[in-house]
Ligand SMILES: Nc1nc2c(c(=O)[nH]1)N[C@H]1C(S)=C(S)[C@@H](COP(=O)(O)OP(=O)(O)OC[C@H]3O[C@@H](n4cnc5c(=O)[nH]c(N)nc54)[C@H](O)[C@@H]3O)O[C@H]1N2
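Next up: just one chain, as C-alpha cells, the form predicted alone.
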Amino acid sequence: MATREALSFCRLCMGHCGVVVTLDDEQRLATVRGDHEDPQTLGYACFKGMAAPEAHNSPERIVHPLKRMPDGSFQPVPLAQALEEIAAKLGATLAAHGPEAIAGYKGGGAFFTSSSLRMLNEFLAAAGSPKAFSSVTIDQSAKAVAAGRIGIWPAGRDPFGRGEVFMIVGANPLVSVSMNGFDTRNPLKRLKQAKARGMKLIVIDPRRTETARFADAFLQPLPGEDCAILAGLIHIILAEGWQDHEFCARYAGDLDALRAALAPFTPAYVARRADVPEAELRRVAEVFARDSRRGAASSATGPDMSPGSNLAEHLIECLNVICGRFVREGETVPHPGAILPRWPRKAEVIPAPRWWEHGYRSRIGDFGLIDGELPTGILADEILAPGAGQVRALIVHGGNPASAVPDQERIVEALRSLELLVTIEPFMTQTARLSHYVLPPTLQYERADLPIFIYENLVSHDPYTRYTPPVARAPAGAGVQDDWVYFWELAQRLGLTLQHFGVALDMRSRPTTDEVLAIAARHAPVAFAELQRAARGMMLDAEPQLVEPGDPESRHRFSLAPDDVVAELAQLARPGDDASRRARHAAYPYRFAVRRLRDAINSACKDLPSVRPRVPTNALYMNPADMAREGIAEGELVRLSSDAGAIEVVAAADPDLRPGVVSCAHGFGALPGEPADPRTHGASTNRLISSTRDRETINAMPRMSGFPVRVVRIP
C-alpha cells in the first residue's frame, strides 16, 4: 500500500527525467511517474524509467555480496569477508606483477551514479595503474579524437535552443534520449518547440527514424558512408562560397589544404558512392549553409561505430568551423557550469591538443590515453597477451563487457582467464556470472545523487542542476552499499589514499555519500546545502557568463587538415578493385546498421517483467522488399553473417529502413557456448565483429556498424 510520495529524478540515461515516486509502508519503491511540474523535463518519463520498481523489488536482484565457488555456483558471503579476500588478491597481484596488472572497466551504471562516477579511475590511479577502460571508448570516443585533432572553441557550438538549423548525423534522440547538442529534456516536446520557432531539422540516417519524420531535409544513405557524405557537403559549401568567410579568415587553418583534400568528393561521386540522389545532397548543403547562419551539426553512434569514425567526426567539426557555428564574443554561454567550476570562455581557438601523443602508451598497439583512459578495443589484448604488464585482475563497475565489448567470444575468453574478476552489479549479468566476486550496489532511488555532472551541459541546456536524497529503502536485510563505498573500503585495506575531484578523502573515517557529493559540488555557484533544499532543482543563472574577447595577438587556428586527416581522406578516395568489390558484394550484399531501442538501454532493463514482452528479442529489421526477394517472412529465423562471425536472429519488417540495409540492436544473447533461443534471448551482434582488425587509429575503435553482411533464411 502506497503511503507517501517523494520527488526525485531518473538516472537511467541522459534524459534525467524529473519524477514523482510513491513508496509503500516499508518505504520501498511502489510506482514512478513523470513530474509535470518539473521545470526541465515537463512531465516526460519513458516506459523503462517508470518500470524502476520492478528492478528495485526484483526477486532476482543481488542483495548480498556473492563469491563464486569451485563448482561455479555463487554463495552469499559477509561483506567484510568479501572485501578482505578481494583486497588480499589485489595486494598479491600488485606485489607480484606491479600496478599495470590491475585494470578497471566502467559502464553506464557507473556513469549515472554521480557519487561514484570517478571512483574506479581514482582507485586505479591510487594503485598506480593507468589501465582504466570504459564503455565510452566503444561508443563515441571519436568526438574526443576530433576535438584533439581540430582544436577547441571554449564557448562551444551554437546551442540547439538558438539555432536556425540543426543537423543530425546517425542519431535518433527521440528514441535514445541521448545526443550531443540535442535537447533531450522531454525530446519530442523540445523538438516541436524548436520547429515552431522556425528551426530547420536535417537528418542523415539509413532509416527514416522517429526523429527523421520531423526533418526538413532528409538523406538516407548506405551506412558506413558518413565520411564521404560529409566530405561532399563541405565540397559543395566551399565550391559555392557558402562558408562564413569572416570566421574562416580569422580562425580556420589549413582551409586550402582541406579544399584540396576534398577535391575528389564531388557531388556526383558522393551520390554514387553513398547511393543518394545528388539533388538531395545539395539540398542538405543549402539548408545548412546557404539558408541558415546559426545552428550546428552533430552526431551519435551511427558514424562513431562505423568505418572511419574519427574522420567522420573531424569532418562534422570542419562543417561547423567553415560555417562559423559557435557562440560568439558578447553572447551568453549556454551552460557555463552548475556543478563543475566555471572558467573564462574566450572567443578564440585552443589549438589542437592531441592528448594521446603525450604520456602513457599501451603495451598493445602503442595507443595513448583518450580522456585519461585506454581504448576498450584493446582490453581483451591486455588480458590475453602474456608479458610484463599483462592484466590479471579486473574490476568492472556498472558495466557488462561480456555483452558490450565487440568480438564477444574473445572478450569472454579474456574475462574467463583472469585471476580476479570483481563486478559491482545488482543483477547476474553475463559479466557477473564470470566473476569471482559480485558486490551489490544500491539502486538509483536508494541513494543520494546529482545528475551526471561531467556531462552536465548534455543533460540540461541551461545552468541547472538538482540534488536528490535517497527516497526509498533497500529490501529488508539487504547488504547493499553505495558503489563508491566498495572502492573506499578496498583502498583502505590496501593502504591507498583516494582522491575525489582533487580532494583527498579521509581514509580513517569513512565519509557519507552527501559528503562525497559535496566535494564534487564545491565549485557550484551556491552552497551544497542550498542545492539539497531545492526539491525540483535550481537554475543557476543569476550571474550569466558572457563570452569574453579573444587575445588579439593570438594566431591560433582550427587545424582543418592535419597530416593524418589528409591521409585518411586520400585513403577514402582511393578507388578499389572493381572485381574484388563485386565479389564482396555478392558474398555480403547487405550493410549492417546499429539500432537503439526505446525500452532498453544497451543490456540494461530488457529483462524487467513489463519490458520483456515489449522487447522479447533483438529482431533483425529488413526492408519488406528485401525480405520478399530473400523469401523471408516476418518472424522467421535467419542466419546473419559477416566475414568475422554469424548469429541466428528473428526477422522483422521495417519499411522505414532503406533497401540493402539490415539493422539490429546490441546487448542481447547468451554467453558463447551456451544454448540460447533467438526468439527469447536474442543474439549478440558483437559476434559479427572482429576486435583485432579494422580498428581505427588513435582510439582502437572496432567497426560495429556499416559493415557488409549476408542474410539467409533458415528452413
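Since this is a predicted model, take the numbers as computed values, not measurements. Just count from 1 along the sequence shown to find any residue number.
This protein has a second form, the form predicted together with this ligand, left out of what is shown; the following refers to that one.
- The stretch among 608-616, 494-502, 394-402, 461-469 whose residues place heavy atoms within 4.5 Å of this ligand in the predicted complex is 394-402.
- Interface membership of Ile519, defined by any non-hydrogen atom within 4.5 Å of this ligand in the predicted complex, is ruled out.
- Shown alone here, Arg259 lies farther than 4.5 Å from this ligand in the predicted complex, counting heavy atoms only.
- The closest non-hydrogen atom of Val594 lies within 4.5 Å of this ligand in the predicted complex.
- Using a 4.5 angstroms limit between non-hydrogen atoms, Ile204 touches this ligand in the predicted complex.
- Site annotation in the predicted complex: the residue of Ser141, Asn320, Ser135, Thr513 reaching within 4.5 Å of this ligand with a heavy atom is Ser135.
- Between this ligand and the residues Asn310, Ser176, Ser115, Ser435, the one pair within 4.5 Å by heavy atoms in the predicted complex involves Ser176.
- Taking a 4.5 Å heavy atom cutoff to this ligand in the predicted complex, the contacting residues in 399-437 are Gly399, Asn400, Pro401, Ala404, Ile424, Glu425, Pro426, Phe427, Thr429.
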